[in-house]
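Single chain ahead, written as structure tokens, the form predicted on its own.
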Amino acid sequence: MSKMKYLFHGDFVTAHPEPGELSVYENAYALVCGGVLEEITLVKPAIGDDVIEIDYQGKLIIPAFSDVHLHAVQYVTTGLGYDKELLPWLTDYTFPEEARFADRDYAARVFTDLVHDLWSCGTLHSSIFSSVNTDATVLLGKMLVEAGLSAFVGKVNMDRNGGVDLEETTEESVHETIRYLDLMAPLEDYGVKPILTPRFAPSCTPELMHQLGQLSVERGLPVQSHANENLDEIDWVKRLFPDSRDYISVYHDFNLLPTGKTVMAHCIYNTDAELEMMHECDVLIAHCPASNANIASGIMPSAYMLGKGLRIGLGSDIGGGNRLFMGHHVSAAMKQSRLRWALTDRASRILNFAEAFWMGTAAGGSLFGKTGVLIPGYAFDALVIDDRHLSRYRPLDVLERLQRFIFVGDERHIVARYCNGEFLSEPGTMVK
């Protein structure tokens, strides 16, 4: 990590490690040393000649976004098949596309665009499902390292219900997972790490789940998967795993719910017992509101779950979701919370803006260490927003400017990205 010292000047807005109000520091100064934020103050501090001043007066400076659930190998099919529900959508669009990533050249072309667009959208941290193909997965990891982005990248495990072109044998899946772990090891020092990725319970036999659980325990590995996304899927899991109490228990029964190291996507239809288990295991839930709407899965009771003390980040769920820009998903989470309120006799609590922004920054960032907030002791992973175009017709305060950027802005308004205090330059564009 760089030993450089910087003093940033601008209008800062941040959530905090726990959900609540946002903090605003207008026309303020942030001192960053060795990539870590030391202080934010409204009065310019006395600094020495060893501190580099970077002036973004009049611009917003916010924590970088974290996307805790996306499928790199669905990038090409984003926007397709949204007139279908989950299971037929997987069969007709997703699985055939994912099989193409056995072709390294094809994988390189798609991943180059994906990595560039993650950078462009200000998503500096992400938890990614790659392919069943080990080499494609490691290639993606290397490209993320070259771009300076941090991520968990998972080789997908599927030894059943994937079709002839995508399915592995149990032995192949375990062997390739170990090979993938070995190949990913050199990338970990650069912020790109492996994560065990049983696609979802219906894609894995009990034997494969057992062996993946052993790997998680023996090596202390994190896990990502899906749960309780679709009612037909839940019924299918009950038939495939009759000895488990419920969907979340399937993962717990096979040691695939490591405490503080698990990301579970969707989690729309949960029993009270499942919510309690996820809370006890400190599961990070990846709320994917755009995807949940696009393929008619349902509306997650996000505000209720926050009230239960659950940790909830946001996922673009590319390609079930149709935008990488995380502002879209912050706003989608709020919209769906309001719809749920309107459809439940106005009985449920509504997710507020501060909570939704917390999900896309602080909560998601918690997966990657001390990032996602702009407070002392945390990495200075930040986005600089030039929002003059969005506030040119009337004066707005700093919080209103942030809301307008989230709801009507996009990556074109992000003019600089910083990771560990260092400017993050644009990665390469599409491979020809």
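Predicted model, so just to flag it, every value in this text is computed and none were measured. In case it trips you up, residue 1 is the first one in the sequence shown, and so on.
A second form of this protein, the form predicted in complex with a further copy of the same chain, is not displayed here; the remarks below concern that form.
K.L.:
Could you tell me which stretch in 235-243, 184-192, 153-161, 291-299 has residues with non-hydrogen atoms within 4.5 Å of a further copy of the same chain in the predicted bound form?
P.N.:
Among the listed stretches, the partner-contacting one is 291-299.
K.L.:
Scan 91, 205, 77, 255 and let me know which has any heavy atom within 4.5 Å of a further copy of the same chain in the predicted bound form.
P.N.:
It is 77.
K.L.:
With a further copy of the same chain left out of view, which of 219, 346, 104, 308 would have a heavy atom within 4.5 Å of it in the predicted bound form?
P.N.:
None of the others qualify; the residue that does is 346.
K.L.:
Can any non-hydrogen atom of residue 173 be found within 4.5 angstroms of a further copy of the same chain in the predicted bound form?
P.N.:
Residue 173: no, not in contact with a further copy of the same chain in the predicted bound form.
K.L.:
With the partner left out of view, is residue 83 within 4.5 angstroms of a further copy of the same chain in the predicted bound form by any non-hydrogen atom?
P.N.:
Result yes; residue 83 sits at the interface with a further copy of the same chain in the predicted bound form.
K.L.:
Consider residue 59 of the chain shown here, and say whether it contacts a further copy of the same chain in the predicted bound form, taking contact as heavy atoms within 4.5 Å.
P.N.:
No, residue 59 stays farther than 4.5 Å from a further copy of the same chain in the predicted bound form.
K.L.:
Mark residue 396 yes when one of its heavy atoms lies within 4.5 Å of a heavy atom of a further copy of the same chain in the predicted bound form, and no otherwise.
P.N.:
Because a heavy atom of residue 396 falls inside 4.5 Å of a further copy of the same chain in the predicted bound form, the answer is yes.
K.L.:
Looking at a further copy of the same chain in the predicted bound form, which residues in 394-409 have at least one heavy atom within 4.5 Å of it?
P.N.:
The stretch 394-409, when checked against a further copy of the same chain in the predicted bound form, contributes 394, 396, 400, 403, 404, 406, 407, 408, 409 at the 4.5 Å heavy-atom cut-off.
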